[in-house]
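As structure tokens, one chain now follows by itself in the form predicted alone.
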């Protein structure tokens, strides 16, 4: 680390709203620059906290020029600041960059936001922006600024005293709709809702309510095409081992996986996040998602070709990192660029495992690739099919011998319970049956489907229908970072569609309907926002020391037990020992984009099969939340819509199409928190979130 540190006697900075400075980084051949800034405070609430969520921010910079940097920190405790630090990590360098970086600073200062005398300062308001809570009382219209689909509900949430609103065609200036402002008051606050669902004609529009005017936004199917192109841009920029123009050269060529006397290079696929790590399971899921999206876009040759090309990049990686005996290279942790030379100090040894859950997962991705490639690249289709059959057989053998087994703590499938194994095996078995017609896949799919349904809560509860980790039904499945809720309805729908004449089909459909009932119960809990809550918890979960490390990696149970209890208490009491959390229970890893998008896909998959428009609407609402229909009025997808914010990109630089880990909560609360800090994990770019975004987009 190279750093510039100011230390001084503790000072009260609460009268200031932000830190501002100018900085100019210079390194020969440099393309992507970033600078970390942090403060230390010993006040009533010490900063930084133990997970460094508060007290630090990161800036992406233009090289060879002066960058005006503003850190809005009004929500950060800062009553006894004793240190200000500027620093960069010595994390290797890209192939183009020189050996020395020089950083120049000037005009470092604290600032206050100028307010009109007597102007209200709202709870949760940081300077001139809102950072905490469901209600944003600062006048404005919060909407999906990237647009709305013609079908289904179309609403915006405003802070206005107006009685009516209008929707105006941007091209003609003609008012196409006028309606009453609907007032909503609940435990989350007081809201004005503008409902223009009746308008389904494609076009560009503006909302007006009193003195408030929204920016123009589209209604039309075209927004899905734009979103896919931008997600593809992000994935291309996240390629590992590939020279990305303007970003980085071919990278991590010295990441190696060794097994049984063989060595496999582990570059390829896509970097996991801003830190350049690699998770093969996430690459596999992204491959599957891209191929499915491609099949939906065949009438758009250019987009179809790009989706197939990007999927092929990831498929190449997951095929060549197989060792052919059930073991495969699975992941590598990295926060740096390496020198790409074998045998030097910075080589990384990658993790290698024979894990049944992951082999089921990879088999499904390979089978999806085989299907998509049949008319596109028949030879590669045969290769993918062969790999899928082999990996499924490896998974079956290992699962029969060892059952549920923990992966390495830093594997992104680490939290998978028994029901998740059943769900992913059913999905993959159905795909392989469709490809091969081999009855052994039908037998596995039907058997594991019955075992999966035995893990579903079917009791006399108004919110029954959720899946539990196993058939004891002791603990509901829920996610706080990685999220695969969608695998449950996918498994049930796969069974129904693959075996339409099966005697068990009515049972599968009833299970799916019951699960849909659970999602509908959740869906209105954040009204008038469309965000679907994280799900139900049992109060007694906080006492489960043994399960804790699988759900909360890098955290200590004894240190967090009371916080666990406090977070459950902050949820909504459902009775019978259950609580509803709007946001996950979490400690270190925070941000709910993947969680809500996975649940959105779950609703979309179930809704499409059942013909239930209410469930499809739930799926659309998760996309609208990402695109700015949230309490902060910010699109979380960089470059899509308006008012998107800086993201924690570290080595990648700001990238169109990125989706961060997501909106978090403050301390043990259960309301949205989106501070001005640009920090991990909540603002960190992540292919997991983009993958889930594309999966949800398939269903609308």
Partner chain sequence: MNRELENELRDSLYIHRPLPLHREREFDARFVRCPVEEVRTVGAIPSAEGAAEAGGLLRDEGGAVGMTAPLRCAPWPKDTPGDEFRRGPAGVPL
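Residue numbers count along the first chain shown, from 1. Because the structure is predicted, anything quoted here is derived from the model rather than measured.
The form predicted in complex with the partner chain is left out here; the points below concern that form.
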{"item": "Residues 60, 72 and 638 all lining the partner chain in the model of the complex, heavy atom within 4.5 Å", "value": "yes"}
{"item": "Stretch in contact, per heavy atom within 4.5 angstroms of the partner chain in the model of the complex, of 189-197, 597-605, 244-252, 359-367", "value": "244-252"}
{"item": "Residue 381, heavy atom within 4.5 angstroms of the partner chain in the model of the complex", "value": "no"}
{"item": "Contact flag, residue 410 vs the partner chain in the model of the complex, heavy atom cut 4.5 Å", "value": "yes"}
{"item": "Heavy atom of residue 103 within 4.5 Å of the partner chain in the model of the complex", "value": "yes"}
{"item": "Contact test in the model of the complex: residue 513 vs the partner chain, heavy atoms, 4.5 Å", "value": "no"}
{"item": "Selected contact from 565, 538, 93, 507, since only one has a non-hydrogen atom within 4.5 angstroms of the partner chain in the model of the complex", "value": "93"}
{"item": "Position in contact with the partner chain when the complex is considered in the model of the complex, options 522, 237, 493, 209, heavy atoms within 4.5 Å", "value": "237"}
{"item": "Residues in 468-507 with any heavy atom within 4.5 Å of the partner chain in the model of the complex", "value": "481"}
